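Form predicted on its own, single chain, as structure tokens, below.
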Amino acid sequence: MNRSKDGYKKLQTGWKILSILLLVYTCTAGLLMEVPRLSIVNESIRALYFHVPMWFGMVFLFFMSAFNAIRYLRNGSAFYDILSREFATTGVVYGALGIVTGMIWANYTWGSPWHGDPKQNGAAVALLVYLAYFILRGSLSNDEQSARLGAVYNLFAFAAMIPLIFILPRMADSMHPGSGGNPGFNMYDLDNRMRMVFYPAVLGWILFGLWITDLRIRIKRLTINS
């Protein structure tokens, strides 16, 4: 029994250390390593290491939130409700950071922070849908009713987020790579040096999001039990 607990603690510590190492590597290599010299994009392509991983992290966190919402609806355990809510909270933070980093990148490549691009608009609407999730939960005084309705709405929010971000922007004219007929980044002159930073960045930011969520879950459980 003690060995299993020690193994679990080591695993918990291990992926947190891995997250720190990956993010330190991402920030250092992302800002110092050579990048392809593309017209218009130029040095701003370094934002790829910070902007795109935020969306990967957001989608993963929202998926975990929806997954735990299903688990809550199946057995009614308050623990799964806490997991679902806290994953959604961190997901919204990642989504907001994704929009902000995208605006900074757009300001240098498109000439303005907000260009009304379909993917920008879709991401903003998706975040508003998730913000409504918290408003809905906050408007109900009954904890069980709040958790149950919140879980149902959570599944709707996740189902709405997928087309808003990944499907509808591809059907309209868009300046984003890979949307509206524009080639994706893999068709640009990206070399293996960028991939050596990009993939660790995605994993590092996802692990960091898990870490933040884990801390929030622990705080929430301590608050309830106190």
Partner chain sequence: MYRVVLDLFLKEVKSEIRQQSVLAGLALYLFSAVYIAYSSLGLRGFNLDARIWSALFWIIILFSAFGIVGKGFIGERKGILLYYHSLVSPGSLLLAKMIYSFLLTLFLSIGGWLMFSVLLGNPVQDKGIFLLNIALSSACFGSTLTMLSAIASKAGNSNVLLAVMGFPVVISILLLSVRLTVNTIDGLGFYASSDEALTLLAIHLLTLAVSYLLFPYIWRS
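Computed from a predicted model, the values in this text were never measured in an experiment. Residue numbers count along the first chain shown, from 1.
Form predicted together with the partner chain: not shown, discussed below.
- In the predicted complex, the partner chain sits beyond 4.5 Å of every heavy atom of residue 196.
- For residue 52, no non-hydrogen atom is located within 4.5 Å of the partner chain in the predicted complex, even though that partner is not displayed.
- Taking non-hydrogen atoms only, residue 153 approaches the partner chain to within 4.5 angstroms in the predicted complex.
- The closest non-hydrogen atom of residue 78 lies beyond 4.5 Å of the partner chain in the predicted complex.
- 164 is the sole member of 29, 48, 41, 164 with a non-hydrogen atom within 4.5 Å of the partner chain in the predicted complex.
- Of the residues given (99, 93, 73, 82), 73 alone sits with a heavy atom within 4.5 Å of the partner chain in the predicted complex.
- The three marked residues, 18, 22 and 192, fail to reach the partner chain in the predicted complex, with no heavy atom of any inside 4.5 Å.
- Stretch 153-161 is the contacting one of 58-66, 153-161, 196-204, 29-37, since its residues have non-hydrogen atoms within 4.5 Å of the partner chain in the predicted complex.
- In the predicted complex, not one residue of 88-119 has a heavy atom within 4.5 Å of the partner chain.
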